[in-house]
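For reference, the chain that follows is the form predicted on its own, supplied as structure tokens.
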Amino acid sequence: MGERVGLEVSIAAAEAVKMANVDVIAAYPITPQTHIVEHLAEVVADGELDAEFIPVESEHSAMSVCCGSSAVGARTFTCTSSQGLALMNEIVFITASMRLPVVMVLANRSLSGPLSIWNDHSDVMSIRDCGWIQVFVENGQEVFDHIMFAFRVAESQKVSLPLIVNVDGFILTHVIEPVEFWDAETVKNYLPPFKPVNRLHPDNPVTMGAFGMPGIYTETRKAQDSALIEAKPEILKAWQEMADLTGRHYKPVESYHAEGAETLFLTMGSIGETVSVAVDELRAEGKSVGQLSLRLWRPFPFEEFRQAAAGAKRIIVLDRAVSMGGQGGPVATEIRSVLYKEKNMPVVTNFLCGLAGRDVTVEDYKAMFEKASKMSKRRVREEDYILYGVRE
């Protein structure tokens, strides 16, 4: 492997993109992803990366350019956040429908209003069903590794779908962490040259994104859904190949002290490491508690999640987005659906926390455990979800 260095995670992400030898970068700066594209602009301008850096006028234009460049066979990267994602929303859905393997880092940030530049998951949850493969990371090393993974999976001949790497804004993007870089030989062994399944070329004309009459639309959506589901074996294969090369093992659902635990926290993103500390302290107090970290969001890992949660009596789902007018957060709704037919379905308690970057401490997670333990002693509860820490 390569050198282990301490640097800002955004710079590490940009360096991973550089090492992946991308052909086109199209992006518009928005906090907190700006440092990623700034550094990529520098390495292209300095001749360290032979690529086209296209400074577009908006995020909508950024994703439009990415569609065009990917369609002609260029390895393509972009990144955005929050309102930027909302602006490119129209093209995000088209990218997946056209099966274009664009890679995007989403620096997760709350959606307006009120205006906030801080972290939660309201942006990614707004495009939950866009058809992209979606993964979550917890630290800087995982960010670096998963950019390599993203190109490896997205560009696979068996997949050909875009992929989002979700990176918590500021909490990860702007902190300095130790990251082990890959050496050139490892990158070469892991990431083959991009060979598109379908390519726009004057010598072989094809149509992409054409008008779909009602008589074919349902079938095309079925095909797209099937493609996303069938990408899972390649996702697992890419993680295994990474483990063979780097020694770092990633899974769709990762467990921490989960075996035999009566209560399980479910986390996504960087809060997982803080929750792990709370789990350690609770276990030291004699509590039967563990943790599951959901890394693969789409396609959802049904089998792995049910297996990891088997035997638990309670699951505390930590959501960082509000499903307005619904019953709590989008992740908890999903988990209840996944477990609905289980013979001994655990009680699912949903805490919505950390919205717009509000600090949530180890003591807060321990308090959530105590409250959930009391609530889940009865099947009929007066509260289906709790917005944690709301001031009276």
Partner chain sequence: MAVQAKKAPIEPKHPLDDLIRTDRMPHIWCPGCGIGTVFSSCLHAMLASGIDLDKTVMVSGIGCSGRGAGYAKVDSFHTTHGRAIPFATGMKVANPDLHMIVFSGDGDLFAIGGNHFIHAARRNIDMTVICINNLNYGMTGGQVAATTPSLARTTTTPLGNPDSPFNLPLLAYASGATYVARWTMLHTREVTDSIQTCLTRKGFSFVEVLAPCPVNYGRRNKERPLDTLKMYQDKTIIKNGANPAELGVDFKKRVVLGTFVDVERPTFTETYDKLYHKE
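If you're wondering where the values come from, they're calculated on a predicted model, not measured in any experiment. Residue numbers count along the first chain shown, from 1.
A second form of this protein, the form predicted together with the partner chain, is not displayed here; the remarks below concern that form.
Mapping the unseen interface onto this chain, Pro346 falls outside it, with no heavy atom inside 4.5 Å of the partner chain in the predicted complex. Of the heavy atoms in Tyr365, none are within 4.5 Å of the partner chain in the predicted complex. For the chain shown alone, Pro330 is not a contact residue for the partner chain in the predicted complex, no non-hydrogen atom being within 4.5 angstroms.
Looking at Thr274, you'd find every heavy atom of it more than 4.5 angstroms from the partner chain in the predicted complex. Of the candidate stretches 346 to 354, 332 to 340, 48 to 56, 319 to 327, only 48 to 56 contains residues with a heavy atom within 4.5 Å of the partner chain in the predicted complex. Proximity to the partner chain in the predicted complex, defined as a heavy atom within 4.5 Å, holds among Ala258, Leu87, Ile127, Leu191 only for Leu87. The contact with the partner chain in the predicted complex, taken as any heavy atom within 4.5 Å, belongs to Gln83 out of Gln83, Asn139, Ser97, Thr186.
Contact check at 4.5 Å (heavy atoms) against the partner chain in the predicted complex: none of Val153, Ala310 and Lys374 pass. Contacts to the partner chain in the predicted complex (heavy atom within 4.5 Å) from stretch 1 to 34: Tyr28, Pro29, Ile30, Thr31, Thr34.
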